[in-house]
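Same protein, same chain, two forms; see structure 1 and structure 2 below, as structure tokens.
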Structure 1
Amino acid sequence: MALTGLQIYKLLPKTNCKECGVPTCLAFAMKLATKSAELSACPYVTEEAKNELEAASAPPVRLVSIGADGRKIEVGNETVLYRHDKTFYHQPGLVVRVKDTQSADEIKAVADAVCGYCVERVGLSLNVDGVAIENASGDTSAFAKAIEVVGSNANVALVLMSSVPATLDTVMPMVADRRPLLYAADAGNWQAMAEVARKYKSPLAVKVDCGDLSALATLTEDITKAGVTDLMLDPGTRSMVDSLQAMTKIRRLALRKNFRPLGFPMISFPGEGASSPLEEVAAASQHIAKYGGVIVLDHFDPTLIYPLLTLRQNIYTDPQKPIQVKPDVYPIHEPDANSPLLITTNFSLTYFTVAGEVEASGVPAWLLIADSEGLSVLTAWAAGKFDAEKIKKAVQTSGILDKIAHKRLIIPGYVAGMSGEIEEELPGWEIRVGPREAVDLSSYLKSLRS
């Protein structure tokens, strides 16, 4: 059970020294409670308090990071089973697997593509996180070669896949500073694997067969005792339904039972149960929604990656902090100076719905998005984030005035109540009241034309 801000406050020095960067100890305590500050920022906390706080605040799913500067995958620290309960914090890393049996050119092509891939969506750049290199040949030098090809030109997180500890020990010096994930320790090799991981301070994946969670927990207990604590779990399930059940069990045990042996992020291989790239996408989308940590794909194709990155962005959006679209003028169907001008708020869902309906109407129009701090029309209006003044500002500063030759603005039906006020803020403008629901926009816009 997480401590409340008040409980944490009792353990702090209560000096308001401000050295942690927060003005009061209570404010700092509240930030600790919401996990938006680190206890280490307080220079005066007593050892005793520290132990008590750390015991209580250790995350049920350990935060594990792969990679160094460049691209880094950080997963774990999750606190809920359902995103609506709070949010999912650390999105899974998407990595693409190459095998050392492929030609250097092939490997290089994939690594380049992964490294260079970037797509913009609602103001954020979405990237693929890394490359997994599998020692499929069984040959150490081939493996080293492949690692070299990937490592030399790709600033991405790495997963090194080999079941032979000695092989990994041989190649690790090449990339140890990049903190790759080692895959994988199993019941047969775990001592030696743990030794390699400890030696290079690398995170280590732990693997069992077919969802045997007891075996998995036994292994992680042993490996933790051997001094390696940055672990990732592969329950060994490959079909969608087995993965779903195993991964759900692991997450539940960690969160609901605070079961430390399974309190680690997971690694999964959606391509291994799939018979086509599209099936792999379907399985990968399950892993994104249902608790995946590192997802190893067997195909790299922008067509298939882009939907997965979008899904990841969707699922890992904080439900209480809605995505905002950029306040701007959005032309739809190549509008001209006489096309109608509509305004609405920058809550992403509002924007998508309104833009979608205007698009569907086929009527060229200008859509002006005002900055409502991501709130929907009614909420923004109620909170004073979408009032006559804000609308005036949007009209005057967005650049729309250079694009149109009229002074008619269509406002959402739900804020009809402020049409008079807007007319006062924008003298000479005609304020028209559009429909309340976006679905009625099409007929509304058509009626304007006729």
Structure 2
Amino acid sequence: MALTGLQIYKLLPKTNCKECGVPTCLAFAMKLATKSAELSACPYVTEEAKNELEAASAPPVRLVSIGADGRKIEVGNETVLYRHDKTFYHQPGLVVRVKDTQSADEIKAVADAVCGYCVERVGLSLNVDGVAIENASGDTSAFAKAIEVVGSNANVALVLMSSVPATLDTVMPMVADRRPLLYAADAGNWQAMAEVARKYKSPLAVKVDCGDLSALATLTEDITKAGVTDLMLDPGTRSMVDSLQAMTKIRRLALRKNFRPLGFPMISFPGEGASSPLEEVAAASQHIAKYGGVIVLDHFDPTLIYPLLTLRQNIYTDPQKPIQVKPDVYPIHEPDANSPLLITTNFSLTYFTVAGEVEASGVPAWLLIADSEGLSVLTAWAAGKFDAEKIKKAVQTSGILDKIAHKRLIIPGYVAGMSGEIEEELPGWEIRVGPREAVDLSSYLKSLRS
């Protein structure tokens, strides 16, 4: 069980030296108890106390890193069951599996597609994170050739899949510097697998059959005692119902009960229980939400990958800190002093939607982005973050007055009722009400020119 703040305080040196960055030892103890500080920050804690304090200072779900450079995957270190309780911190890695029974051209095509895939959404680049290589042939040389083909894409994370420790030991020198995830240790091979993982300092996946969490906990305890602590869990469930139950139990035991043997991120294989690519995507969506760490896909199709990346981005955006752009003046199509001036909020989706429609119109314009703390137009208006006073401040402090020779401002149609208030705040200005929907901006702006 985790120690309370007072229990932790009794084990600290009580010097109040402030070298940990916290004013008092008691305050530091409280931070340790809430998993918001690291024990290593205290330079004077005794070795005897460290053993007792490690359980309190360690996160309930261990942070595990896969890869070294490029698209490094970091998963774990989560503190809540539900995103709305606080936030999820480390989004799951999406990797695509190839098998060494495929031709070199087929493997290269998948690896190149994964490496080159990138889409932009609300100003962020969304990527697939890596490639899993399975030793389906059972032949070590075929496995090595597949790894060599994939290995040319140096910026993706790797998962090496073989149940034979000697095979992994043979191929690991090829990619050891990239710190791949080794899959998987089980009841029959865990000692040798742990030795390979320890030798190359790589994370190790641990697998059991049919959701046997007791067996899984026993394995992780044995492996951590053997010196391998960067683990990922595969409960062996493949159907959506069984996976949901097993993964939820693991997360609950780690967070609610502080059960250390299951305090690791999870790896899942949604394609293994699916009858079609669409069913695989449905299962992968479930694993993104609850509670996959690395999700291994069997198909790469941009039309199916994109919704998964979008879902992942939405779930792993801090609900208390919406994605937002910098409040500023954004010129579109090289506007001049007489070009129209529009204003909206700094919620990223709002900005990119409005900016995209203005750009599509071909009309040069100034887009003034007000600071609404990342809220959309109606939400910001309801919260008092996008009112007449805030709009006045944006106009007067943004520098737009030095760029235009008129006093005309176009506001979103959804806040048309504020036009009179804005005119009071900005005497002499003409406040125009734009369309309610961004899709109508193009025709609206063109009508201003006629």
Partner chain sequence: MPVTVETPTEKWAGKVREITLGATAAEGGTRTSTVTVGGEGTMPFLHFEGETPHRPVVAIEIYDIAPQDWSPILMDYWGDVVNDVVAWAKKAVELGADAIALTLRGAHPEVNDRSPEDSARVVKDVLAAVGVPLIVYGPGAPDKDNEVLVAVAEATAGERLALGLCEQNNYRTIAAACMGSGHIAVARAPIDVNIQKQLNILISDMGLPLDRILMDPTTGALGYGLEYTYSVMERLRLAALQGDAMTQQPMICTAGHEAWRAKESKVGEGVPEAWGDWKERGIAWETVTATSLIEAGADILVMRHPEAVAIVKKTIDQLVAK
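As the structure is a computational prediction, the values presented were derived from the model and not from experiment. We call the rigid core the largest set of C-alpha positions that still match within 1.5 Å between the two forms. The first residue in the sequence of structure 1 is number 1, and each one after it adds one.
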* Looking at the two shown chains, say which is the form predicted on its own. => 2
* 2 Å or more on the CA of Lys326 between structures 1 and 2, with the rigid core superposed, yes or no? -> yes
* Rigid core fit then Val98 CA moved by 2 Å or more between structures 1 and 2 -> no
* Asked: Would you say Leu231 moves its Cα by 2 Å or more between structures 1 and 2, aligning on the core?
  -> no
* Asked: Upon rigid core superposition, what is the positional shift of the Cα of Tyr351 between structures 1 and 2, expressed in Å to one decimal?
  -> 6.6
